[in-house]
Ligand SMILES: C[S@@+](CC[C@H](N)C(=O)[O-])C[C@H]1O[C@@H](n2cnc3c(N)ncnc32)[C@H](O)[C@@H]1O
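In the form predicted on its own, a lone chain appears below as C-alpha cells.
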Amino acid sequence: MEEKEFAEIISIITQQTGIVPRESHKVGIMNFIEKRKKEIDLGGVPYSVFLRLNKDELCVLLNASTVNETYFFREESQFLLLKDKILPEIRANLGSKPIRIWSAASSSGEEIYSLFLLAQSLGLKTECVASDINTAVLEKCAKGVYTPNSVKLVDGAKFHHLLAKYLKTDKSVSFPEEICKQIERRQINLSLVAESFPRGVNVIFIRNVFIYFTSEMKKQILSKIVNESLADGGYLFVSMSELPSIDASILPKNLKKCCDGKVFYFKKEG
C-alpha cells in the first residue's frame, strides 16, 4: 500500500474515533488491511475509497484498530481501595439506592464483571454499564466466556476467589446468563456527542484509553464524562500509567485529583 493512502486511512480512523495510533499500533493496522484486501472485493477502488463507501467495512476496520488487552481485577490496588473505602462510602451516602458503575472503555468486559463481582461480594445493588466503540468485544462481553489468559497469576490475585465458582477445569471463566444480564452494554464513541453516555454514575473506570488521544481530545472527553455522566461526589479511575498525561491543563475544574497510599484517582466535587 502506498504511504499516502495509508496516511489517509489513519486519518479516517482518527476522525471517527479521536484515536491517534502509535507507530507500533500502525504496523498491526497495516497488516490487517493487507489481509483484508485479499478477503473482500474492492470493486477496483483503493481500500481508502472503499471505506468511505461502505459503513460496514469501516466498522470492521475500527474493530480491528482498537487495542483490547485486559484481564480480571487489573491494577489490583484500585480494587482494594474500592473494597475498603470507596464503595462503603458510596453505600453510606446512597442508602438502598443502587450504585451506578460505568466501564467506559470496557473492551471484552473483564473490567465490568470485576466491578460487578466486587460490589456483589459487599452486598451492594448495582446498575452496571459496559461501553466500547468496538462491537466485537461488546459481543464477547455479552457472552461472558473468557480464556485462562483473562486471569493473571499475580495482578488481581487477591480477588480471584470471586471468580472461583465460575472457573472451568481448564481455568477458563464462564458466567451464567443471570450474571451476564446484570451488565448493560452500549456501543459508545467517546469522541462524539454525549447523548448515549450513562447519567448519574457513581464510579467510572476509563483506563488504558487516554494514551491514544491528543491532549485536546483528552480534555474534551473528560469534560463530557464529568459534566454529563459522573454524579456529584462520584469517582473516576484511569490507569496508573496514564496519570502523568492527565494534568491540571485538561482536568475539569470540578474534578479533584486524590491520593490514598499509592493509589491515585479523581473525585467530582459537589
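Quick note: we count residues from 1 along the sequence shown, nothing fancier. All values reported here derive from a predicted model rather than from experimental measurement.
The protein also exists as the form predicted together with the ligand; that form is not presented, and the subsequent description refers to it.
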Legend entry - Contact check for 126, 182 and 203 against the ligand in the model of the complex, heavy atom at 4.5 Å: no
Legend entry - Partner-proximal stretch of 114 to 122, 86 to 94, 187 to 195, 162 to 170 relative to the ligand in the model of the complex, 4.5 angstroms, heavy atom: 187 to 195
Legend entry - 4.5 angstroms heavy atom contact with the ligand in the model of the complex for residue 213: yes
Legend entry - the ligand contact at residue 229 in the model of the complex, heavy atom, 4.5 Å: no
Inset, instruction - Please check if residue 100 has a heavy atom lying within 4.5 Å of any heavy atom of the ligand in the model of the complex. - result: no
Legend entry - Partner proximity in the model of the complex: residue 69 to the ligand, non-hydrogen atom cutoff 4.5 Å: yes
Legend entry - Within 4.5 Å of the ligand in the model of the complex: residues from 73 to 108 (heavy atom criterion): 74, 105, 106, 107
